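In structure tokens, one chain follows: the form predicted on its own.
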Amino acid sequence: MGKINDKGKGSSRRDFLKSGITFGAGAIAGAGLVSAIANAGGKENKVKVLTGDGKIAEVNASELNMISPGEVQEKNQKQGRIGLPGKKFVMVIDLSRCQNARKCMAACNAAHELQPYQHHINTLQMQDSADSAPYYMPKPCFHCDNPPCVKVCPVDATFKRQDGIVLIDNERCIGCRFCISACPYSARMFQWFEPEMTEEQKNRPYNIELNVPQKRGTVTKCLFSADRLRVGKLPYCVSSCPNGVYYFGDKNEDAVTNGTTGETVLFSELIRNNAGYTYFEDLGTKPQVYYLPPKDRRTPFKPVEDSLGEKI
């Protein structure tokens, strides 16, 4: 396998997307804040702001650019539909490493404010035949190059970006669920109930790349953590897995990074040398999530009991 670098988990190839960081000062600043940080004694005041990648920075109060919630949402919508130029994102899942830790599911649910019974990614117990051993299979959205969900949406709420990611715009979604019927992978879910949120959470500008705040009567699914990719980070599921199950990267660069070890390898060699495949290849959907078969497993398969005491 062609190894590009191996700097350990600490690096995690955080700059693998080489994307810039945008400051979200305007998104969190308001009129009250401006009055509170007015110059005192002619000396320029500093104010702490939250950057686009979740870090705290100090800037001069006079440099704050006030942006209304409507402007923030309009910007999010526009850049969310365009995607990241020159990128072609791809995921590889090594089935031999999955132990059903479900850390990927927990991280995803927390980021997208989902209830425990909702999933953008799920871990399934699989068994190919009566004579073969069972194994665990994480299943996200496959972000197909030929997505049937996009074709059936009557309002352009489901769309495919130039970087290969398929997203849902819940400001446009009318809840017809045509996309759910069209998806052969059961990768979408419908928001039947009102999401549990505080008033502050409800009043946030809608973020199309994070799909929050969630909305009743709309469709939601795996987003390949588009919000994380924009600031050069690996997806929530990839970076939270403790067992090295996930690789993620740019197909155009022919490079994918393991979220646990931080090792970056050639995508083409990883797939070719390990008999990689895509799910339901004969459908012609051209999924961009690849699987490595469950061979040479590190640990024996152990059924795990859910909270009801039933084996899953």
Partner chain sequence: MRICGNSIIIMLLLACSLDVLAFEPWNVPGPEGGRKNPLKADKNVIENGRIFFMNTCKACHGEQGLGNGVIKAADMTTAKFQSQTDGELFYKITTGRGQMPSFKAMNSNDLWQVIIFIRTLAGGAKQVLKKNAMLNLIIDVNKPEKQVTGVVYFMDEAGQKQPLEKIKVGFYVQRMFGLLPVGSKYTNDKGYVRLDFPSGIIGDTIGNLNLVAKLEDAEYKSADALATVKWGLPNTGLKKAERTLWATNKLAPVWLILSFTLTLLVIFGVIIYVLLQVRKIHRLGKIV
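Remember, predicted model here, so these are calculated numbers, not experimental data. Positions refer to the first chain, counted from 1.
Missing here is the form predicted together with its partner chain; even so, the following discussion is about that form.
**Q** Please tell me which of Lys215, Arg177, Arg204, Arg81 lies within 4.5 Å of its partner chain in the predicted complex, judged by heavy atoms.
**A** Exactly one residue meets the criterion: Arg81.
**Q** Out of Tyr185, Phe190, Tyr135, Phe159, which one falls within 4.5 Å of its partner chain in the predicted complex, going by heavy atoms?
**A** Comparing distances to its partner chain in the predicted complex, the residue within 4.5 Å is Phe159.
**Q** Wondering, does Ala61 line up within 4.5 Å of its partner chain in the predicted complex on heavy atoms?
**A** No.
**Q** Would Gly86 show up as a contact with its partner chain in the predicted complex if we use heavy atoms at 4.5 Å?
**A** Looking in the predicted complex, residue contacts with its partner chain include Gly86, since a heavy atom lies within 4.5 Å.
**Q** Please run the contact check for Pro147 against its partner chain in the predicted complex: heavy atoms, 4.5 angstroms, yes or no?
**A** Yes, Pro147 lies within 4.5 Å of its partner chain in the predicted complex.
**Q** Does its partner chain get within 4.5 angstroms of any non-hydrogen atom of Pro116 in the predicted complex?
**A** No, Pro116 stays farther than 4.5 Å from its partner chain in the predicted complex.
**Q** Suppose contact means a heavy atom within 4.5 Å; in the predicted complex, does that hold for all of Leu167, Pro195 and Glu209 with its partner chain?
**A** So, no: the whole triplet misses its partner chain.
**Q** Determine which one of 228-236, 126-134, 215-223, 105-113 lies within 4.5 Å of its partner chain in the predicted complex, judging by heavy atom distances; exactly one does.
**A** After filtering at 4.5 Å, what remains is 228-236.
**Q** Can you name the residues of 244-273 that have a non-hydrogen atom within 4.5 angstroms of its partner chain in the predicted complex?
**A** Residues within 4.5 Å: Phe248, Gly249, Asn252, Glu253, Asp254, Ala255, Thr257, Thr260, Thr261, Glu263, Thr264, Val265, Leu266.
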